[in-house]
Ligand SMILES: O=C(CO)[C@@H](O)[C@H](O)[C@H](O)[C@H](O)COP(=O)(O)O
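Below you'll find only one chain, the form predicted alone, shown as structure tokens.
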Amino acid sequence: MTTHDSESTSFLYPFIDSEETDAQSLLDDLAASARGKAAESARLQKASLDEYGDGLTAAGIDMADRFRRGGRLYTFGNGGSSTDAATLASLFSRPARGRPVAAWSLAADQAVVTALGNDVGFDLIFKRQIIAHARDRDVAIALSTSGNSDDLMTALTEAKQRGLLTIGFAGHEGGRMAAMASAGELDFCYTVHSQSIHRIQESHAMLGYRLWSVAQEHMTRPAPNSVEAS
């Protein structure tokens, strides 16, 4: 590990640089660090669910209605959030139980992403796919730990203009995603209030699962405008 790498990660594992010679003491410190991270992750997930419970229920019900009408889900993010987006799309399209729905991660097709990035610019890799595939009954979910990624913002704006249900998962203070939601330019925004990217992404996974759970529950119910046979 270089000196720069050591300095950039020492805040995560301060005991590694403390010149420990007792193996058991080092293991105890590692275990305590892991327990602390797990406790903070659980606390943050609960706080996020408590804060956004009503909003998650409202969005999940709207998603269920759109899926009943043949709507599809598009998820997208950058870096680690792109893998979280892929996992979320897979949860909806290939659930272990319940009803599968059509769902895609827009970062999954390397040929499309690299072609768009090369031909029209990275900021448009998700917007162009929304233009090509989305309909007004569909759902768009963007995941960003900062809430500020240009390619996500342009895609969400396009999706909103086309009548999609738009949902943003953000972190820190919410960034531009939170501002868009406040201005009515984004239907729902769930901001995980943490400075740790790892904890934010863990809470994003829980919030995504909650959306899926609500949507599944309401897809099994009769549609609101259905008329029972007399």
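Source: prediction; values computed, not measured. Throughout, we count residues from 1 along the sequence that is shown.
Missing here is the form predicted in complex with this ligand; even so, the following discussion is about that form.
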inquiry  = Here blocked means 3 or more ligand atoms within 2.4 Å of a backbone or C-beta atom once this ligand is superposed in from its placement in the predicted complex. Does this form come out open or blocked?
reply    = open
query = Using a 4.5 Å cut on heavy atoms, which of 129, 87, 146, 154 is close to this ligand in the predicted complex?
reply = 146
ask   = What is the one choice in 197, 47, 31, 39 with a heavy atom within 4.5 Å of this ligand in the predicted complex?
value = 197
note = The stretch from 132 to 140, 76 to 84, 90 to 98, 105 to 113 that lies within 4.5 Å of this ligand in the predicted complex, judged by heavy atoms, is 76 to 84
key: Contact test in the predicted complex: residue 57 vs this ligand, heavy atoms, 4.5 Å   = no
query = Is any part of 90 to 124 within 4.5 angstroms of this ligand in the predicted complex by a non-hydrogen atom, and which residues would that be?
reply = none
